[in-house]
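To begin, one chain is listed below as structure tokens, in the form predicted alone.
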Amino acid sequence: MIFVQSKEELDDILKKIRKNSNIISLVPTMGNLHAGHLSLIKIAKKNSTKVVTSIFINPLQFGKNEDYNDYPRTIESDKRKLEKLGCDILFYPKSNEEIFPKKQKIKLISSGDVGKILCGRKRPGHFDGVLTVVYKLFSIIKPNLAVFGAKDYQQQFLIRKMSINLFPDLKIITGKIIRDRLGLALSSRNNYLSYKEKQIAPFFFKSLQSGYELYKTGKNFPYIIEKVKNLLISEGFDVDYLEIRNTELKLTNFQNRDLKNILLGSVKLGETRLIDNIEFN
């Protein structure tokens, strides 16, 4: 695996790779890699000839008083995992200036109205920051395809929309949510959970599953939301939001069962924020 820390060096390597008509894939991450990240790299390997993984903790997507400084940084462990999996290139910028040069004013990519709902409601500007760094990585690496996880449905939806408009030849692949044996969606922030909280956290997904079971019995959406929310509160979760939307993240009539719908939620357990979703087929 080639370990690269500067944009210039990465440019030189990618130019040589492109001369051989390689299909280049990109898996953008913030590091502290777990099985969810590694599943995306496996997808990338199946769909390309050269896999680039980026590890960059993007300051633009962290709000005031969020965990930018405390976000887990585990580069040596991450390198070992990527080498074992057969990643071809790891781009680990030596400084923020490799992505956002000081001489250039950062032009934020707007996430629009969709960036202000759900997670964006409590984290203003978050998705603008996400889209801006992904835009930068796409512009630097110029991949043929990129892979993102489904756990943050809103994020991958917005990235897909941006790609259609600004990178029309780029293929976006979404990998399924990877869970632990109890059902908790894998996330780097799960490391913040205490031992006791880790025993409670899987109930988040179980509550969403209960909502799906209610959906199958014909219950309307407001009823489902109320029941799932009450389940979560009873277990000690602080519910940020629970909503049922269609695959375009538009509010949907609770009788509309012809299209695929998604129950999305964000909760806090102690000081740790968790997100998850479940599709209603």
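Throughout, we count residues from 1 along the sequence that is shown. Just so we're clear, the structure is a prediction, and the values are computed from it rather than from any experiment.
Another form exists, predicted in complex with a small molecule; not displayed. Remarks below refer to it.
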For this session: Would you please decide whether M30 lies within 4.5 angstroms of the small molecule in the predicted complex, comparing each non-hydrogen atom pair?
Result: yes
Exercise. Would A44 sit within 4.5 Å of the small molecule in the predicted complex, counting heavy atoms only?
Worked result: no
For this session: Check whether F138 has any heavy atom within 4.5 Å of a heavy atom of the small molecule in the predicted complex, and answer yes or no.
Result: no
Problem set entry | in the predicted complex, Q155 touching the small molecule (heavy atom, 4.5 Å) | yes
Problem set entry | Sole residue of Y192, F203, F148, F100 within 4.5 Å of the small molecule in the predicted complex, by heavy atom | F148
Exercise. Can you pick the one in L82, L208, A185, L131 that has a heavy atom within 4.5 Å of the small molecule in the predicted complex?
Worked result: A185
Problem set entry | Segment that reaches the small molecule in the predicted complex - one of 218 to 226, 30 to 38, 232 to 240, 44 to 52, heavy atoms within 4.5 Å | 30 to 38
